[in-house]
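This document starts with one chain, in the form predicted alone, laid out as structure tokens.
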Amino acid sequence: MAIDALGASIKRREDPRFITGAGNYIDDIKLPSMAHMAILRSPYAHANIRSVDVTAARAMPGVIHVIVGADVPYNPLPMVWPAGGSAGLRNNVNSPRILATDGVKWTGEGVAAVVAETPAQAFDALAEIVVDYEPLPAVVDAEKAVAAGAPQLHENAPNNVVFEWSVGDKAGTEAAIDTAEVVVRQRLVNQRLIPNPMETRGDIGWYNPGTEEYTLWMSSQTPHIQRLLVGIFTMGIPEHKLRCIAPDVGGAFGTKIFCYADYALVLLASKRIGGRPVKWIEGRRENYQSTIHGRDHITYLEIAGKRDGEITGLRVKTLANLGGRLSTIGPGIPTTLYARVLSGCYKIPNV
């Protein structure tokens, strides 16, 4: 007897283990002799760091190792999508450091890390770290950030403008607007959002001293890409020396595509303590501070059209807030992934 499966519902094979609590997320993984890491994050959006004193933290019960920015031998995190053709936008110019050294550029930037026998001991030790900050002026509104006299974040981005990028038929659009029967103009704010997945981010790093190989368990959407970004671009090791494993991932909303400092940090910590695995699990508040945000656009648009409703032109200018430092693919999102699809599915002759 023939069975017609077209249109029939298909049972999801993964559901039974998830609804019975048999999923395997990062925090479910338990390895022999595993240590735990906590990260001290800046309470300031913009500040110089005069000094970081970890003396008391090192003496706390259960503490195995403490890391500050000056201890990290790796490169800054890579920025791999510079919105092609953007003059002067170079890789690693203003991208995140594994841990901050001379200053912080956003609230939540990592300043120090503690490795301890238990998560509670690691967090207790964080409270004993003394950071001497010199707070500096900050601004969070994109339009105010590019206004005259605004606080300057990076010397190589004058007036806080990282780059200017355009696409489309400029002359044709200007002509369409100039000759239009009707022109509609509006300012739109696409607010900043904080993705809030069920499972916060987390990772486990393990360095094998015998083979000089690394294994990284990660709550990530892109383990294959991270093998390249973390291994070669950040740590300077070949891909065959790093294995990246993504078990079950409890939501992401795009935030787990990016390359994060904690990936390299848990691997460095494991190596520094003789090859013990090191686990880091992000807290919910920490997720709001340190995992990539989205949107935060201020947009001015002009729509040219006829009185019968036909749209003949669309002109858009957007200020896109890329944050205190450039993320892995940050510049590519408000350019290629945004500007090229602004007309949607409609046939607008001049954009």
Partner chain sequence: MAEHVTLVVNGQRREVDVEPRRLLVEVLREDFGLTGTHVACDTSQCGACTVHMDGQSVKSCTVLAVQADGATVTTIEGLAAGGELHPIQAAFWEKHGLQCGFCTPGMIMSAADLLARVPDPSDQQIRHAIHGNLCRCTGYHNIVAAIREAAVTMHTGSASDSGIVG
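Model, not experiment: these values are computed from the prediction. Numbering follows the first chain given and starts at 1.
Beyond the structure shown, there is the form predicted in complex with the partner chain, which is absent from this document and is the topic of what follows.
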Is the gap between G283 and the partner chain in the model of the complex 4.5 Å or less for some heavy atom pair?
yes
So, in the model of the complex, is A175 in contact with the partner chain at a 4.5 angstroms heavy atom limit?
no
N190 within 4.5 Å of the partner chain in the model of the complex, heavy atoms:
no
Please check if R307 has a heavy atom lying within 4.5 Å of any heavy atom of the partner chain in the model of the complex.
no
Let me test this: is every residue among S166, D169 and G330 within 4.5 Å of the partner chain in the model of the complex, going by heavy atom positions?
no
Options 270-278, 191-199, 156-164, 238-246; stretch whose heavy atom lies within 4.5 Å of the partner chain in the model of the complex:
191-199
Looking at P82, G250, P223, P78, which has any heavy atom no more than 4.5 Å from the partner chain in the model of the complex?
G250
Partner contacts for 6-37, taking the partner chain in the model of the complex and a 4.5 Å heavy atom cut-off
S9, I10, K11, R12, D15, P16, F18, I19, T20, G21, Y25, D27, D28, K30
